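The chain below stands alone, shown as structure tokens; this is the form predicted on its own.
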């Protein structure tokens, strides 16, 4: 795939968030609407296309700890806030060759994680679990070796301790399990088809009402 080939030719071991989402989009995995720019003149056009409220993030293949560095701004509601966030982030990352993502703000209090890891013995393995800030702390995840079928995907959802959040709770509708299963199946297929991918990390995958949307994503390469 051209996105991966370009990164490998440039000697990179990861795709940027925007590139990672573009890869997912090509497999019909739902991702946030976003526009990438490094030009202040394009910011107002971008924010008007995405619409308020929105999120702005610095974006580069090797940019880590974005939140800790103040490179993620949420709930931006007007042009003044957007321009201020853009200027401050670009000043912070001017030596990183970074761009800025203008991204729709997805509302939803249920956060999941979906991923892929290439095991030396079993090959590509699909992961599903509780996402957001609790991923590393609780490690509430399940795995299957790819390829997986719908039955496997549904079983993975039932294996996590927090499985009740997928149901109708606190006035929120039940998650679209068919769509979630489809995402897990496609993540496995990506691992089988793209041998240069070492890992995929979609975290969080937010449930917006019943529908899952990839809000952040990282693809790690092993050329």
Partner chain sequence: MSETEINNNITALFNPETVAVIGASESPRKLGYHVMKSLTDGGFEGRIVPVNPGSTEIMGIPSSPSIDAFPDPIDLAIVVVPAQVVPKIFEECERKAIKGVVLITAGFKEIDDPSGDQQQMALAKIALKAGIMVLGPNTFGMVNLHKNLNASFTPDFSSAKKGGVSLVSQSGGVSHLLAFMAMRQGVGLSKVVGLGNRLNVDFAEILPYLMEDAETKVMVFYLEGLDDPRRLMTAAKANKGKKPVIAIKTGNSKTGDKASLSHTGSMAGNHKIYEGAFRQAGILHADSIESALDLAQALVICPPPKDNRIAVLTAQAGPGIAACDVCEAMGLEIHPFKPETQAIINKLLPPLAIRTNPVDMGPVWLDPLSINNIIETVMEDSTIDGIILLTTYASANLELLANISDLLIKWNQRKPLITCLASPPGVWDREVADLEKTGAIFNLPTPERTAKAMAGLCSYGVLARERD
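Residue numbers count along the first chain shown, from 1. If you're wondering where the values come from, they're calculated on a predicted model, not measured in any experiment.
We do not show the form predicted together with its partner chain, though everything after this point is about it.
A.B. asks: Tell me, which of 105, 72, 125, 83 has a heavy atom within 4.5 angstroms of its partner chain in the model of the complex?
C.D. replies: Of the candidates 105, 72, 125, 83, 125 is the one lying within 4.5 Å of its partner chain in the model of the complex.
A.B. asks: Using a 4.5 Å cut on heavy atoms, which of 176, 194, 155, 182 is close to its partner chain in the model of the complex?
C.D. replies: Among 176, 194, 155, 182, a heavy atom within 4.5 Å of its partner chain in the model of the complex occurs only for 155.
A.B. asks: Counting only non-hydrogen atoms and a 4.5 Å threshold, tell me whether 21, 55 and 58 all contact its partner chain in the model of the complex.
C.D. replies: No.
A.B. asks: Only one of 46-54, 194-202, 30-38, 167-175 has heavy atoms within 4.5 Å of its partner chain in the model of the complex; I'd like to know which.
C.D. replies: That would be stretch 194-202.
A.B. asks: So, residue 91 and its partner chain: in the model of the complex, are they within 4.5 Å at any heavy atom pair?
C.D. replies: Close contact is absent here: in the model of the complex, residue 91 is far from its partner chain, nothing within 4.5 Å, heavy atoms only.
A.B. asks: I'd like to know if residue 150 sits close to its partner chain in the model of the complex, meaning any non-hydrogen atom pair within 4.5 angstroms.
C.D. replies: Residue-level check for residue 150: no, no contact with its partner chain.
A.B. asks: Is residue 13 a contact residue for its partner chain in the model of the complex, using a 4.5 Å heavy atom cut-off?
C.D. replies: The answer is yes: residue 13 has a heavy atom within 4.5 Å of its partner chain.
A.B. asks: Would you please decide whether residue 87 lies within 4.5 angstroms of its partner chain in the model of the complex, comparing each non-hydrogen atom pair?
C.D. replies: Close contact is absent here: in the model of the complex, residue 87 is far from its partner chain, nothing within 4.5 Å, heavy atoms only.
A.B. asks: In sequence order, which positions of 115-144 have a non-hydrogen atom within 4.5 Å of its partner chain in the model of the complex?
C.D. replies: Residues within 4.5 Å: 115, 116, 117, 118, 119, 120, 121, 122, 123, 124, 125, 127, 135, 136, 139, 141, 143, 144.
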